[in-house]
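Before any questions on how it binds or moves, here is one chain, the form predicted on its own, in structure tokens.
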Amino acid sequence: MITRTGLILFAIWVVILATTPLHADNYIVRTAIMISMYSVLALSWNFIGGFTGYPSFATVAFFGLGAYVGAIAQRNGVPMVVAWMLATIVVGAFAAALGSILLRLKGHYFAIGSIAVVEVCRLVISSWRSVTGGGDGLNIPLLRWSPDDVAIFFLMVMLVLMIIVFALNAFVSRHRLGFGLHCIRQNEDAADMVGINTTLYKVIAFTLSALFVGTAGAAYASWVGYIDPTDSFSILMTVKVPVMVLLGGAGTVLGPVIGAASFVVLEEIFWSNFLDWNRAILGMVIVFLIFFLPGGLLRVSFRKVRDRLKGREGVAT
């Protein structure tokens, strides 16, 4: 559940990202776009991985599918924004159908099944050369604007998506659906016994975790102008998104935003200074999260503030 302070902090962060083109170079603006995009992915994953407690690794499958649906639609003359909407609908329908089958699995079986979905999607895209271009990838018509205008446009697009998914997280966390998902995370069998339709709730959470990821994938394809199976269905991204949520605080509303921003900034630093070691450092971050920050940065910060306030109250008394 999001607090008023959390909403204020999020609003300030949106303003900071939105105003980067006014005072920063193209590299910083590109980083702001990536932070906004990964925030969309992390907030989306939070529905199934944070609220529900199901360790999904299928996010990149939805991202890649959205990218290809949007790209193929645009190459066939569909307007860009309509292509994004089409990608959202197709990915949402795919996730709902997939979830009704995949969510019969639990624990590590579900995790392995979600990884298999990524590989199956990648292989299908790679093999269907007549439609997807196979391993050669696809070129997407570029906007005939200046590079600065293009960067500003896609920054605004990703920011709007981030705001929508953030608002959806906040709504679900206060809604009956959020309560049901938290019950499933705590004890699914008990939730089922007290009348919660666990299958329906899990499918809804899984669909929400995919819906705007597909939109982000389609927008990303339009931004970069070229996609291929290796980039669109990157196994590294499969790991990145859950790590971002864990870094910020799984099951919270603001945590995924904090985790995505922190991870992207750290990644940029590692790529710039430790090119040969960046993946090893990523593995160390994962290990550190598991052992030392199980609640994420948001919960650690909240706990420190709470303890400090309690200490001041103790001194006052």
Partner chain sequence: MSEEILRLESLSKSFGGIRAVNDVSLSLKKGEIVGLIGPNGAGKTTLVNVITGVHPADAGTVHFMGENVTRQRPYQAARRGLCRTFQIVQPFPENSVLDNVAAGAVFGGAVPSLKQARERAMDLLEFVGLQDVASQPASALTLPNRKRLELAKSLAMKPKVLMLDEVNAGLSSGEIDGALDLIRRIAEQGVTILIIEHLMKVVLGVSERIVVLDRGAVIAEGPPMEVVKDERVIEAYLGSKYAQRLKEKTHG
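Numbering follows the first chain given and starts at 1. Just so we're clear, the structure is a prediction, and the values are computed from it rather than from any experiment.
Not pictured, yet referred to below: the form predicted in complex with its partner chain.
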Using a 4.5 Å heavy atom cut-off, which residue among T132, T207, T198, T88 comes into contact with its partner chain in the model of the complex? T198
Although its partner chain is absent from this view, report whether H182 comes within 4.5 Å of it in the model of the complex, heavy atoms only. yes
Under a 4.5 Å heavy atom criterion, is V203 part of the interface with its partner chain in the model of the complex? no
When the contact criterion is heavy atoms within 4.5 Å, does D192 count as touching its partner chain in the model of the complex? yes
Is R174 near its partner chain? Define near as a heavy atom within 4.5 Å, in the model of the complex. yes
Select, from the options 158-166, 89-97, 174-182, 145-153, the stretch whose residues sit within 4.5 angstroms of its partner chain in the model of the complex by heavy atom distance. 174-182
